[in-house]
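One chain comes next, on its own, written as structure tokens: the form predicted alone.
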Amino acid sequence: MKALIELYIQQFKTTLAMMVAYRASLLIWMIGQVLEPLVYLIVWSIVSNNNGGSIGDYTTSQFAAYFILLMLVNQVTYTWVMYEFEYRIREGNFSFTLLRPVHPIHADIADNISSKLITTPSMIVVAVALGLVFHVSLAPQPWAIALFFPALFLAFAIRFFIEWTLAMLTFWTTRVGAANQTYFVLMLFLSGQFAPLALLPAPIQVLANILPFRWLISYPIDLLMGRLTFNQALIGLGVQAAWLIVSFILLRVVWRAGIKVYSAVGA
């Protein structure tokens, strides 16, 4: 445990140094994180205004609140390991990580957490500014605020385990771009990134509830927006806990199978 703590501390220092060195890249990445939900916000706000000020049970102000919260939730839960894993395998860099005395996943966890600790404060400032511009008003119940943080942590953990597991497809094929894109298309529609799930057709809502996607993005947002009862919120945490166990077991199974067939690849 002490070694892991030291690893995480050193990884934080490394990530901080990299972000200071590549400030322009960091700025571009943050702009990208803001632009996508902002575009959805503007589009749905215009549609809502043209429809008399609401669509379904979402008003124009609630659309603004939803997509601003989406920006923050996605910031906290987003990982990039699916993009990097293929590069590690193809360039032969993954072999070096296997020589280390700890599982490679710990470095990725530390890197992700370090990055979020550095960038999230700026994203919060942007979210507050957007909230003032679009006249967002949120008044969640105290219990909703208290449950939001464990829900957000579970969402990050589930998403990280799932995406790390999918990234390991590179053990069998060094090209996984198509698989990655399929996953992110499903994430776009079934997690509530494109639109609130309540506005989508019933079959899609059912599918989103069965699969893990809703519990990664939409559930924490609905919780903070006060769209869930206390019992529904507790059930949601239970579903997240179940998916956390399933995703962790799946990760371990795929890791053990994948590492047996892994062969080094170089440029």
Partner chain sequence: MNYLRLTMAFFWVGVISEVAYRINFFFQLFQSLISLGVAIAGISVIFSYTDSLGGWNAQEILALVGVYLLVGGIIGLIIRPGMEQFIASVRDGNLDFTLTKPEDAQLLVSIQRTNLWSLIDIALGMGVLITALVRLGEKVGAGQAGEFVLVLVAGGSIIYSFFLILATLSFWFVRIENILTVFQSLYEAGRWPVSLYPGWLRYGLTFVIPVAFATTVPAEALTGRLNWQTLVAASIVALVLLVVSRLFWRIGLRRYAGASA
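Residue numbers count along the first chain shown, from 1. Everything quoted here is computed from the prediction, not taken from an experiment.
The same protein also has a form predicted in complex with its partner chain, omitted here; what follows describes it.
Remark: residue 29 counts among the residues lining its partner chain in the predicted complex, judged by a heavy atom distance of 4.5 Å or less. For the chain shown alone, residue 66 is not a contact residue for its partner chain in the predicted complex, no non-hydrogen atom being within 4.5 angstroms. Put simply, residue 177 is close to its partner chain in the predicted complex: some heavy atom of it is within 4.5 Å. Of the heavy atoms in residue 50, some are within 4.5 Å of its partner chain in the predicted complex. Contact with its partner chain in the predicted complex holds for all three of 43, 188 and 194, each having a heavy atom within 4.5 Å.
Comment: its partner chain is not present in this chain, but in the predicted complex one of 239, 225, 55, 233 has a heavy atom within 4.5 Å of it, namely 55.
Contact with its partner chain in the predicted complex, defined as a heavy atom within 4.5 Å, holds for exactly one of 141, 182, 93, 120, namely 182. Only one segment in the set 225-233, 209-217, 66-74, 195-203 has residues whose heavy atoms sit within 4.5 Å of its partner chain in the predicted complex; it is 195-203.
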